[in-house]
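A single chain comes next, written as C-alpha cells; it is the form predicted alone.
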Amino acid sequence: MKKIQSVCNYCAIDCNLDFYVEDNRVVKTVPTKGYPVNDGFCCIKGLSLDKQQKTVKPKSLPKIRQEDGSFREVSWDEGFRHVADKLKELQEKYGTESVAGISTGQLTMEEFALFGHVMRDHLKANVDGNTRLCMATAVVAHKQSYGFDAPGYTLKDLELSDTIIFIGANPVVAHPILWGRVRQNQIPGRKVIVLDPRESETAMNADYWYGLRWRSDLLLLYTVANLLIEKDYLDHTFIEEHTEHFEEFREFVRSYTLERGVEGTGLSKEQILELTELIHNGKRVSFWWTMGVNQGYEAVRTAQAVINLALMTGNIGKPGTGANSITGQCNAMGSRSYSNTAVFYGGGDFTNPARRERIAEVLGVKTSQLAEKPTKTYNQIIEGINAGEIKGLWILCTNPRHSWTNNETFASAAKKLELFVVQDIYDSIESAEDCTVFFPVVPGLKKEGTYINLERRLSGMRPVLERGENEISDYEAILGVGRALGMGEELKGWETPKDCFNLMRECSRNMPCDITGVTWEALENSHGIQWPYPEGREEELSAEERRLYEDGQFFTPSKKAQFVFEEVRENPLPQTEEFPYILNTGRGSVGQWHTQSRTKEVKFVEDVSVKRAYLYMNTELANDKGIKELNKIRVYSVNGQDAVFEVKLTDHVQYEELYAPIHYIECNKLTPSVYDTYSKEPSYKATPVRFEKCQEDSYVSY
C-alpha cells in the first residue's frame, strides 16, 4: 500500500489529504497531519473524495450530437478537430468574439492558464469564470483599496483575534475547517460577532448576532464608521502614515447618523452602539466577509466599507486582525491571478506595454499574439448569446444551467448555440442536456497541478490513481483543441502541467503574487507555500503562516491603502405590495456542494439530504398564512419566474424573509439579473417574491 498526499478540490480551504492506495484503488483517506490549514482534520466532503474514483469509466470518449439529437462517440482526435474546426468556422462567419468560454474555480492553476492562452491569446475570444459568481467583488475591492488583489491574512489569525466579526458569512456550514480555527482560539474573553439577516448556524454559535434588515449592511457599516469617528476610536498614526482619503471619508460619513442607521437597518440604537464599542474595545479585531457581502448590487462598496473599518482602527497587518475575504472555491485565487481573463498571468493590465512585453517574452510569442483587453463578463457572455452575437460556448467544470442567476436565461442561451462544448466529469449535469459536444475528463484523483487557497497558499495536486484507457485530464483536453487549432509554436513550453507551472512562475516575477521561489517539486508532500515567495528570499520567508501589510506598505503607487466610499444606493428591486417578501439564498448543509453534481454520488451525504427543493419560513408567518411543515408553496419572483418549494418552519429567519439553499435548480430560477456596478457579480441575496400555498385544485395567494 502506498500513501499519496494531495489536495481537496472542494472549498477554498484546500485541505491536504493522505490517500492510501492499493491495486489502483483508494482504501483509506486521512487528513494530512501537520498541514497548516487543516492539521489532521477535514469535512465530510474531503473524506468522500475517494467516491470519485469510479466517476470516469474506462474507455470514456467524447460525444458529438448528431442531427437527429442522438450522440455519436468519437476518438479524442476527432473530438478535438471537430471543436477546433467549429470554433474557427464560427469566428470566420460571425467575427472573433462570436465564441466564448466559461471556466470555474475548481480547475488547477495550469488548466486556467492554458485555457486562457488558447481562448484569449490565440482566438482573441472572451472567457470568464464562475468565480465571477462569488469572488469578483472581493477582487475589485482589494484592487481599488490595496492596489492589488491581495488578501493579507493567514488562517492563524482566527486563533489570534480577540474580536472576530463575520459579515454575511456562515463558516459553520460553508467552511467548517475555518470555523474549527475559531473554536481553537483560546484568547480570554474572545468574542464572536455575526452580522446577518438570518440567524445562521454561525450566528447561533456566536456571542452576538445582529439581525439587520437585508441589504442594509452598507448603511450599517457607514453608521458604525461615523460613530467610531465621533467617539475618536481611531488609530490616528496608522491613518496618517498608511492611508489616503480619510478626511474625505470622515466628511462623507457625517450624514450616516445613528438615527439613520436605526431607521434603515432595523437594529436598535443600543445594538449599533454596542457593536461600535465591541470594535473599539477589541485589541485584535478581525473582520471576515463572504457571499452575503459579495453577492449584492452594491457589493464592492460594502466590502470596502469593511476594509475602511479595519484601516481606521489600525486592525490590519497585525496578528489576529484584518479585513478578510473568505473565498468560496478551491482555486478561485488561482483563477483570479492566473487565468488570463481580467488580468495578465500574475496580474497586470492588458494595456500596460511593459507588462505585455514581459508576458510575451516568457511565453515566447509576439505581443500581438496576446489578449488585448479584459474579458467580457459572465453576464455579458450570456446576454451576448441570447442577443445572437455569440454562437459558440465552451464550459469547463461548471454548471451554469443550475448556478447562473435567473438561470432560465442560460437555458434559453444554450438552445441558441451552434457549438456548445461541456467539459466535465459528469454528463448528467443540467448544463449537459443541450450540449453539442461532451468531453469526459477525469476527477482530481487522476490529475496533477496547483491550487491556491484563500490565504494565498499553493498546494500540489498529485495523481492518486492511474488512469484507464482513453481517460484524459482537463489540461490535455484543452491542449488537444489548441493543437487542432494549429497553434504550433504558440504551445511550446506548455506540453505538461509542470511546464505550464514554470511559465506561470516566470510570469509572476516581481509582481505582488511572485511565486518564483516555489518549485513543482517543493509542493510535493509539503506544507504548502504562501505567496509572495520570490526567488532568493526563501530563507527570509520560511515561516509557514505569513500575513501581508505588516510593514504598512500596500500595492498602490503611494504604498498607502485607499479609503473608497460611495453613497448608499436605492435598492433596484424593493419590496412592493405585489412582491412583499424577500428571498435569501445560501448553503444548505456541510455535505452539499453547489449544484450537487459531485456530492450526489456520496451515499451518506445523499441519504441525509433533502431530495426536493425547500425553503425556510418564519414560524409566525407560516401560522398567519395557514402553512404547516412540509406544505408546498409556489414562489413567484420579481424576475417573472416561479417555482415550487417544500416549507420548513423556523424562528431563525425574519418574518418577511424566505431562505432557500442554492443546491436546487429552483433556487436560481428566481434570482434576478441584477449585478454590482463594479464587479458585475450577481445580486443573489435579496429577491422580492410572493408565494401561494399549493392545494390540489387551487392556490391561496399571499
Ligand SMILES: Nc1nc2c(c(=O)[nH]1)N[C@H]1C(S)=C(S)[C@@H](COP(=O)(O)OP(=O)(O)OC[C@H]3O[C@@H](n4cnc5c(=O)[nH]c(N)nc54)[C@H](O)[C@@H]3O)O[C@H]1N2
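Position 1 is the first residue in the sequence shown; the rest follow in order. Quantities reported herein were computed from a predicted structural model and do not represent experimental measurements.
Below: the form predicted together with the ligand, not depicted.
- The partner is absent here; in the model of the complex, the one residue of N331, T398, N308, S161 having a heavy atom within 4.5 Å of the ligand is T398.
- A single residue from the set T375, S325, Q295, Q304 has any heavy atom within 4.5 angstroms of the ligand in the model of the complex; that residue is Q295.
- In the model of the complex, at least one heavy atom of N668 sits within 4.5 Å of the ligand.
- Proximity of D128 to the ligand in the model of the complex falls outside the 4.5 Å heavy atom cutoff.
- Within this chain, E110 is remote from the site of the ligand in the model of the complex, having no heavy atom within 4.5 Å.
- Of the heavy atoms in S609, none are within 4.5 Å of the ligand in the model of the complex.
- Residues placing heavy atoms within 4.5 Å of the ligand in the model of the complex fall in a single listed stretch, namely 191-199, out of 351-359, 501-509, 366-374, 191-199.
- For a residue to qualify, one of its non-hydrogen atoms must sit within 4.5 Å of the ligand in the model of the complex; all three of M291, D424 and P443 qualify.
- Residues are counted as partner-facing when one of their heavy atoms sits within 4.5 Å of the ligand in the model of the complex; in 456-475 only D474 qualifies.
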